[in-house]
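The structure tokens that follow cover one protein chain in two forms, given apart as structure 1 and structure 2.
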Structure 1
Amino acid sequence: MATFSTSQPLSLPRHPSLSNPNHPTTNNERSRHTISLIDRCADLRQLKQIHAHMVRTGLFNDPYSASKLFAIAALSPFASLDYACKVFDQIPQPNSFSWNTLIRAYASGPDPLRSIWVFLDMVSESQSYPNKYTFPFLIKAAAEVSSLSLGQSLHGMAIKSAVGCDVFVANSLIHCYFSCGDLDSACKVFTTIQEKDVVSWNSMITGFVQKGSPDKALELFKKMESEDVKASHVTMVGVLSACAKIRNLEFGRRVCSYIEENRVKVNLTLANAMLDMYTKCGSIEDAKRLFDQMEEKDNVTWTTMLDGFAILEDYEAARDVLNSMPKKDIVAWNALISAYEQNGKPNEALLVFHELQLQKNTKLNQITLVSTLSACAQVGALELGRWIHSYIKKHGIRLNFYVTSALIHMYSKCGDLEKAREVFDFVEKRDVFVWSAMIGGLAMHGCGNEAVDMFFKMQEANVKPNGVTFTNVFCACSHSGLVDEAESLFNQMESSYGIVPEDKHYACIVDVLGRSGYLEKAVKFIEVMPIPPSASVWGALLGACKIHANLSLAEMACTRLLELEPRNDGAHVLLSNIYAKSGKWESVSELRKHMRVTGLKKEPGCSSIEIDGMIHEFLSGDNTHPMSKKVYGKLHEVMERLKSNGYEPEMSQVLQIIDEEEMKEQSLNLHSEKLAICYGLISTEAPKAIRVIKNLRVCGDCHSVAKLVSQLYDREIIVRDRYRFHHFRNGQCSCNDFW
């Protein structure tokens, strides 16, 4: 260990009592006086003055005085572990208290495992033996690093030392086993405690909540009540957290009544837990009432209230909370950005992010970046996504699995697959989410074979796939017509990977079969499903019927879909389009009349394009954009130039009853993706790619126009529609499953 020298000059200010001329004269008096000075120390410099005084007067040889000094050096608010080690090395024969204190200090420090080395020194170099105060600190260290094997070893040593059943040791073991994910061992230790204290119950309740078993936490609380164990505020925090997780407002209200009836001390932590329970369970009125009553509030309080309004999509109220906060921290900003992003309002999320950038002394963290990257992915904000990536590099932010996955997802959904690959290749450690994100990126860009290859490389890397991985690889198979590969993997999901197929996986297989023309096989697959077919399953079949113009099967699929979701506007529109392509205009009229009567409206086509970091949106026939005149002027120029090079409008794509050919052509020209492409042409110069995001499927005529524009204007055009990407370059398109 380290050595300490008393030859160095002492730091000021000196402890005022050390220069007192009326010092006690006997050893006992000096010892008591020195200990009282140690207890009154205000900072490390004063402690060092006392230390030097003890060395000069010989008081440091008194084991009790030395251990007292050492404990303050190691555990006080102004503790210094390095200095404490130097003090410890000076103690001639450290007693068990000193050894336990050093173990405790290391277990709570930045490198908890060093406490194990101290423990080994204690056993091998001294006459002190581990006791019931030693093991809780060692077990805490094992919990901090989530080392199950170390925890089990310490458990065995505690049993051999006859302290395994001690309540303090047992409580530490419960916490350790939960931290390591071994719930069964935690439960076994709990049952062995003969005289459980409230900490024993709290450790179990908190452990169940943190490890995703809130129902068990509530059951244990009921048992605790039945055994007349008086709950503490820690118990209540755990139980309220369980209620929040399972959205059990009734039980949560009962807990709040229990707190009041049993006069449980309500500190700020417990009040915040009550508030969190109310907001998570959707009882915003209860939350507001409690919020207004709270005399003390911290940023957690304000952010919880903000979250509550955001959950209910009351963004104006959430914004008011943010504006009213005495001190806006990054957690509050993250809450609002995340709320917008997760509720399908990515543009609003990005506006909040831009406002956050203007705040002084507010540093972006990984949560900020993940939420903002997800919003960028939704709207195709590639330039902002690139800026965030540069920010990560510039500020040395660690690329954890979440940030890495978000970057891959952003680049993939914004059309830059090569950059997504670059991020994937850069990181050495990849978890299932990183692999799944890359497989998903390949899927949406039509790289089916590469996605399947990556699925198997993932297993070679000993990373087990999850349900999302299979969804992504099935989508890849669907866009590339890899029917055999998809069926083979689906059949292995449960037997080889232990993953029970869910509704989304069945819908994917129906899509794989349907897109490839195996409609009857898809129907038979649905008929033998072990779970009732959902709307997504019938929707996949209906979409396949449109591709292959199977009217009778489409009517059946649509009927089943509408039985489950009567107000599904997409299903009505899709069937209407199938009728229109088949020339059944009477059926089109009847269906659209039904939509008018029932108040169903078709989702309008909307295309967006990012220019200089700003997102510009266009609806079909839109004239609200500030540059509409220039856009329509460019559109006229483009269409005339295309016609002179042999382009003919695909009138079959006009799925309305329009008699005049000129009106049909005008209807086609007003599609939102054409407007967005024209805005890209007048706002950027070659060779910059034009990237457009479409909320619906790209129609055949727009597909043809994009190909010709890429050739005649020598521009790469990348369009992402609801299903996948279309890359246009030199008059060619990379997609192989457009229809």
Structure 2
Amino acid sequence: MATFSTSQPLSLPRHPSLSNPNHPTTNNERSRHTISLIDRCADLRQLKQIHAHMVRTGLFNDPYSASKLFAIAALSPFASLDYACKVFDQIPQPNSFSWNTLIRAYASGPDPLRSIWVFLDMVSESQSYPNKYTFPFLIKAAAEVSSLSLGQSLHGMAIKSAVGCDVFVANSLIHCYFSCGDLDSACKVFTTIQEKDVVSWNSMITGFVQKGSPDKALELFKKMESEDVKASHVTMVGVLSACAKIRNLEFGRRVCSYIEENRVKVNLTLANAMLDMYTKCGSIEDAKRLFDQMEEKDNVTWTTMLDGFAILEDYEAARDVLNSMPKKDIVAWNALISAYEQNGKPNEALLVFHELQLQKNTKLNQITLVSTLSACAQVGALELGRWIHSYIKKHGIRLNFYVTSALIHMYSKCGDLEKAREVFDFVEKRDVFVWSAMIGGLAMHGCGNEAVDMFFKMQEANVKPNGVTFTNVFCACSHSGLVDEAESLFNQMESSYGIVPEDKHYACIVDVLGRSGYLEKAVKFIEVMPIPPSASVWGALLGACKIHANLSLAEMACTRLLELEPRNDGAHVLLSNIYAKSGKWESVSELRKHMRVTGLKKEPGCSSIEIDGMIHEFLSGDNTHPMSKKVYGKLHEVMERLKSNGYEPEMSQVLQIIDEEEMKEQSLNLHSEKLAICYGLISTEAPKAIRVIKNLRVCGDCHSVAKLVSQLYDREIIVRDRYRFHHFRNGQCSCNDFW
């Protein structure tokens, strides 16, 4: 038998007029031979050869033979849509099969909607009618582009064409409704199927898993079992994915034994799903064992394993996996970058990003950019963030919701609120995350009223707020003292927006009330909370007590907070200072001893500043920076100049998170933000703004110093502290000294 592994001339039956008239082969046999050759074609050249032959012999005029050739042209591994279309146009009267084939080819091509245009041609211009094979392809196209209205129209047409009850049509509708987010319709279709097959169940199970209801997927699986439907390997993939999402190792293990007992065929995809379940559920031993057993591995296998180590924060092992990958792809790089970024290691994430850029064959994608922008936001790497933004523009990368939110978030957190607004205004469509990012940005910069306005504009745009939106709005209210607005929105959260307040929302309201001086009200609010107050709730109250110098309440809040978070360093230091202020010296020494014994230390103040794309970090009292001497020289000069302009160091805030050692640093003006600002003065020129990021709250003295420097040195200074931004300009701060 002839097989064509490489392109060779074909031995085609000869033209009837040329063949020996006495030769016994009939036309029928000749066409059978030609058609069997079509099936064994290995490339387009061979196919075209047969095509030419068929035209010459007239075989192409036979609808069956022509459709056979066309199907290979459109669907084989070496298919060419261009060529297939030309073949199709030559078919005199394409039958339904040929139309279906063309629709199928387009539906799984790069532009699925083109299959709809073919369908319209079929309906309007041909004698062929759509049948039960036609609709699954079209519905698949609708699913691909997530067009609910298209899916609904096709659903209606399928019913009119009397194929609405066909199980293939119904199954593709389930898939389509899920991908359009219309879960109710998907369920309705499912319940109307008379004879559900395993694919019907699988479509439901994977639909629920992918749309964020893994628990429902597991329920369905149990129901499927109780109805004695035999699960397939695709069922297993879906169920394992559900287990991975809800971190249910026990159920996941049961699924694995089910697979063994029922001899479900374990292919690569299923093995990968098992691996993912083990890693996500935290059983790295099982994962390692499976990984070592797997004979065949693909990039999914490697990346899943990489992520498994990253989850355990074993970055060395994760890195080893990346290094061992035969063909590293962007997904694997993204996994490492995002692992660092999401575990509070943004600098490491940026290092990996820089390394990735040196790889010639790996193209960044939207996910790379989202993770990296998020890392930029954390460290305040505005220059790199800007570079990524221009990269996005230059390469025409689409601003989807993720990328848009990430850009807004990056610009906001790096202190460039105007740029954040530009991005927000530029995009045409905004989802809840884009709106929330913008509201959050306004909140950080103390634009409370604008944030609240934005919240209402969002409703006008028919975008429903979520829990994050409310957190950001409350945060905005808090920084701007908008007590009434916050209270009124809080009261509507559940009744009007259907969002059950969580502990972070309660903490926000306590913060709003407390900051504005309504300490009693805040306490009452905590007392009537329907859920037990969390550490962040007490933390918010404590913060308010600090601002308003309420010692007794602070002591209570501190005690509650330490019950919930025994290793909260700030609360310890603060409590010891409270005791000191109240003369409870025994309690002070007890607490200090406790801290020494348990090795609890106050997180050191740290400020950073980006110069020419490099992040420079300063700890308080730091002299490790290469330009340390010059920085201190500048600091001395600044302080002298400030003093001669009437500045007096502020040494007596009532409550501060300062430990004994820091007292000395405080008196010597060694706070990290002062060092970073001085470094900024040395290494940049006006009118460039000095942007500093601090890990803790900016202290009162540094705040006054920054105000004066902005005036006397005529420099804009932008400081991001743990909670918000301070824009210092002409001796004023954007926070109006309310923070």
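We call the rigid core the largest set of C-alpha positions that still match within 1.5 Å between the two forms. Since the model is a prediction, treat every value here as computed from it, not as a measurement. Counting starts at 1 and follows the sequence of structure 1.
Between the two isolated copies of the chain, the second is the form predicted in complex with the DNA. When one rigid part turns against another between the two structures, the hinge among G467, Q459, K429, K288 maps to K288.
If you fit the larger rigid part between the two structures on its C-alpha atoms, the smaller part is left turned by 12 degrees. For N262, the CA shift between the two structures after superposing the rigid core equals 3.6 Å. After superposition on the rigid core, the Cα atom of Q127 is displaced by 8.1 Å between the two structures.
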